[in-house]
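For this one, two forms of the same chain are given in structure tokens, first as structure 1 and then as structure 2.
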Structure 1
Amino acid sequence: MKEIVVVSGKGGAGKSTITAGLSYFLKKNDVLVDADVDAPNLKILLEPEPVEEKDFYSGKQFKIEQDFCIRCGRCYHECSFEAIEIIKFDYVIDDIACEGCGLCQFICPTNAISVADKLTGKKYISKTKYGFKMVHALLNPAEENSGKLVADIKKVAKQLAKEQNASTIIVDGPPGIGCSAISAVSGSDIVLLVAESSISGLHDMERLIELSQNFKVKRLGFINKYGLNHDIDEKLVNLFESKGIEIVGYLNYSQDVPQYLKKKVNLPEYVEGYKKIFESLYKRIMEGVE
């Protein structure tokens, strides 16, 4: 079983479009993961029907029980995140600012602070319109995607893939270069680095390559919106080459793409030309796995 993670540094580089396009070639027993939990977009193109739904808990939720609080103000002064507010003489924890560190509970002289596991969202196993299953999650508003959630849904996907005797897992990775991106990359076999032909795309790719250097995974390059800026195209090609990263595909810049997306069209499904591009991309990635 091989795991392929698609990442792009910045959002908007076309990561979800590319992942959805690749998923068109998955077999029924393979598994797709949407680890871009902040902006889970694959569902728009793949129409998943949930077959299993579970609550997701992450971190701790602390609460000041007003009946026991003697309003000494210790928690208020010592919290490193300014997460305790005074509302009409009561000390209250602001759940959004709270990091869940537990310092307040530890120092409270009257044990007035309780703790519970924090419900942050739901995770799903769904059946997509192509027949294969997809693991995804939905966070409650204002909740944070964490490396933990990404690791968690990847685990669910691995388990599922094992049960179904899958040969491939494709993961749509979270944006950025923070801990959730690290979580998505770690333990995978191949990282597909999707770069956009723009100056910020180039810049983000430099940072992403630096980040992924520390992992023992095979890296492959992909350039999206190729031709948008010839100067940048060349720099991206040079960047990948200088790092020994093979470029396995290009998608030309075209004003058709947003028009297709607008109609919620998965590119290889309806357009013959795109089907060829994605098919060869899929093949080259699979060869990279060998």
Structure 2
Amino acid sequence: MKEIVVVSGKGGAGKSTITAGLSYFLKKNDVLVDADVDAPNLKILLEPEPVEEKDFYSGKQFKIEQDFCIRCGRCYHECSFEAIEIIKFDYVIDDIACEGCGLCQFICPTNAISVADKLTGKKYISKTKYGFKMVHALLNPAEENSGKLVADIKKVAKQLAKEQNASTIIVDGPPGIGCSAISAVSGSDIVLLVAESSISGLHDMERLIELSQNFKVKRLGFINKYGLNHDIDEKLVNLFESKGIEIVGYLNYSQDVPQYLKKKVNLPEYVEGYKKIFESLYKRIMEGVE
């Protein structure tokens, strides 16, 4: 079984468009993962129907039990994060401001502060319109630990792939170089680095290449919106070549692409020219694995 992770240094580089295009060639027993848990959008193109849904818990949630609180104010004055508010003479914990350190519970003289695991998101296994299953998740607004959630759904995907005797897992990684991107790349066989032909795309790709070189994983390059800026195109090609990263494909800049995406069209499904591009890309990636 091989795992291919598609990542980009920034949002909007076309990573999910490329991932959706590649997924068109997956077998029905293969597995797709949308690991962009802060803003998953593969569902727009692949129309998954959930077959399994589970809660995701991360961190701790503290609560002041008003029946036991004597309003001494120690928690309010000692909280370094100013996460305790006074509402109608009651002390109340602001869940967004709370960092979960537990100091309030430790110093409370009446043990009036309870703690429980914090529900921070949902995990799903869904069946896509192409027949293969997709593992995805959604982190609740303002919640942290997206890296832990990415690691969690990748573990679910590997187990599912094993049960289905799958040969391939494709992961749509989160944008950027944060902990969630690190979780997505960890343990993979190939990382497809998707660069956008823009100044920010070039600089973000430099950071992503620096990050990815810390992993013992084969790296391949792809340039999206090729032709948008010829000077940047040349610099991206030179950047990949200087780092020994093979460029396995290009997608020319076209105003037709956003129009197709607005209509929820997965490019290789309806446009013959794009089907050939993505089929060639898929084959080159698979050759890279072998």
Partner chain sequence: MKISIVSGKGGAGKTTFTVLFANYLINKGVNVLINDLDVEEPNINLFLNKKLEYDNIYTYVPKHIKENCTYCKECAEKCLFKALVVAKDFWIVLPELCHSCKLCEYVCKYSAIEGDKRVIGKIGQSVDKVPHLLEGRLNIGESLTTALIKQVMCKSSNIKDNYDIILMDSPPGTSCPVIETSKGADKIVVVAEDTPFGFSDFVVLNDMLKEIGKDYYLIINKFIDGAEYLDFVAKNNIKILGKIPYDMNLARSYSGGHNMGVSIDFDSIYNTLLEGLR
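Remember, it's a predicted structure, so these values are computed and weren't measured experimentally. All residue numbers here follow the sequence of structure 1, with the first residue given the number 1. Take the two forms, find the largest set of C-alpha atoms that superpose within 1.5 Å, and that set is the rigid core.
J.: With each form of the chain shown alone, which structure should be assigned as the form predicted alone?
T.: If we ask which form is the one predicted alone, the answer is structure 2.
J.: State yes or no: after fitting on the rigid core, is the Cα displacement of residue 138 between the two structures at least 2 Å?
T.: Moves: yes, 2 Å or greater.
J.: Superpose the two forms on their rigid core, then report whether the C-alpha of residue 80 is displaced by 2 angstroms or more between the two structures.
T.: Yes, shifts by 2 Å or more.
J.: Has the Cα of residue 159 moved 2 Å or more between the two structures, judged after a core fit?
T.: Result for residue 159: no, shift under 2 Å.
J.: Could the core-superposed CA displacement of residue 110 between the two structures be given in angstrom, to one decimal?
T.: So the C-alpha of residue 110 has moved 2.9 Å between the two structures.
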